[in-house]
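In the form predicted on its own, a lone chain appears below as structure tokens.
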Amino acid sequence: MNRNKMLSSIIVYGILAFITLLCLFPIVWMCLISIKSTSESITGFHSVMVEQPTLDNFRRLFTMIPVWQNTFNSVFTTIMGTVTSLFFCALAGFAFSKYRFPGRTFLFYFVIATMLVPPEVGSVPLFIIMKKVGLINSLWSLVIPRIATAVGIFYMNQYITDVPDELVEAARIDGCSDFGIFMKVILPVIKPAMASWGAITLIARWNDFFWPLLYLRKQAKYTLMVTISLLPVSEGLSTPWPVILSGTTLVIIPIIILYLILEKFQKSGIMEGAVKG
């Protein structure tokens, strides 16, 4: 019995290892091509062999596009978008879960219903609004329209609902204001949810492509994801694949590292959803 169990475990782990390697191969191949010289082959089995590692492709990339400026744009919109989303989604979730006001149920379900509508459907109205308020070609156009999302509000509401009402009432009796209750009572209790939603939002904002492409007009304002996609696909009769893949590597590697760092927060957010009273 133990032998059969061990054999089945070996087979299962072997299959999982094979699938993992299959999924990782494109990323590894991309990183290898990015450090190959232009004289080496990038096709066939020889593409995974690097004879003369070089950083020339990255140097060429830095001369073709304003990498540092675009990286700053990505970091700024990612951090600001995450911070504002955490704050306002938690604030809205607190209002829906701990306050009773006319139309509360209808408004909450209306917010939830907007999750059924693809975000791209509102791209034209949002573009018109951003143009009228003068935010086209501004990094704030990537932050302000999404300072609170239906998914984030619902996510936070589910956690805050489990916070005992007695904690809120005790703070109110002690003279704490509503905003003080939110800052001093609610936020410390829902740290796992904040960390989990923050990790999800960080990754989503860094990978954002559609909205920067819609709102931004100058290369100096582009995020890294957009400017890499606009690299020239040909130089004379050839396509500079090593340079293009070096740019792709520059975009993907930070988010992989960020995911590995924030993975534990995502797990803790899922596992610690219930609040102990």
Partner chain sequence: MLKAIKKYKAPYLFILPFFLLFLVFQLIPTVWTLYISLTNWKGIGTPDFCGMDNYKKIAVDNMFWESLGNTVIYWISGLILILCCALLIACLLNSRFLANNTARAFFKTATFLPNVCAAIAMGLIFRMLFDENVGLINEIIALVGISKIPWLTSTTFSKIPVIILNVWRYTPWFTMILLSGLLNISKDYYEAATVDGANSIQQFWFITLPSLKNILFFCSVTLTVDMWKLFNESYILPGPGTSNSSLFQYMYESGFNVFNMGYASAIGVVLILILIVISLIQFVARRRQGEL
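Residue numbers count along the first chain shown, from 1. If you superpose the two forms and keep the largest set of C-alpha atoms that fall within 1.5 Å, you have the rigid core. The structure presented is a predicted model; accordingly, all values stated were derived computationally and were not measured.
Not pictured, yet referred to below: the form predicted together with its partner chain.
(request) Check each of T161, T105, N137, N207 and return the one that places a heavy atom within 4.5 angstroms of its partner chain in the predicted complex. (result) If I apply the 4.5 Å criterion carefully, the residue I get is N207.
(request) Please pick, from C176, A95, L167, L187, the one residue with any non-hydrogen atom lying within 4.5 angstroms of its partner chain in the predicted complex. (result) Contact check passes for A95.
(request) Indicate whether its partner chain has at least one heavy atom within 4.5 Å of a heavy atom of A193 in the predicted complex. (result) Judged by the heavy-atom cut-off of 4.5 Å, A193 is well away from its partner chain in the predicted complex.
(request) Examine W29 and determine whether its closest non-hydrogen atom to its partner chain in the predicted complex is within 4.5 angstroms. (result) Taking the distances in the predicted complex, the answer for W29 is yes, it comes within 4.5 Å of its partner chain.
(request) Using a 4.5 Å heavy atom cut-off, state whether P66 contacts its partner chain in the predicted complex. (result) Outside the cut-off, so no.
(message) Taking its partner chain as it sits in the predicted complex, is I228 near enough to touch it, meaning that at least one heavy atom pair lies within 4.5 angstroms?
(response) Flag for I228 set to yes.
(request) Using the arrangement in the predicted complex, list in sequence order the residues of 113-130 with any heavy atom within 4.5 angstroms of its partner chain. (result) Read in sequence order, the residues that approach its partner chain (within 4.5 Å, in the predicted complex) are T114, M115, L116, V117, P118, P119, E120, V121, G122, S123, V124, P125, L126, F127, I128, I129, M130.
(message) Given a superposition on the rigid core, I'd like a yes or no on whether N207 shifts its C-alpha by 2 Å or more between the shown form and the other one.
(response) No; that C-alpha moves by less than 2 Å between the shown form and the other one.
(message) Core superposed first: is there a CA shift of 2 Å or greater at V124 between the shown form and the other one?
(response) Yes, because once the rigid core is superposed, the C-alpha of V124 moves 2 Å or more between the shown form and the other one.
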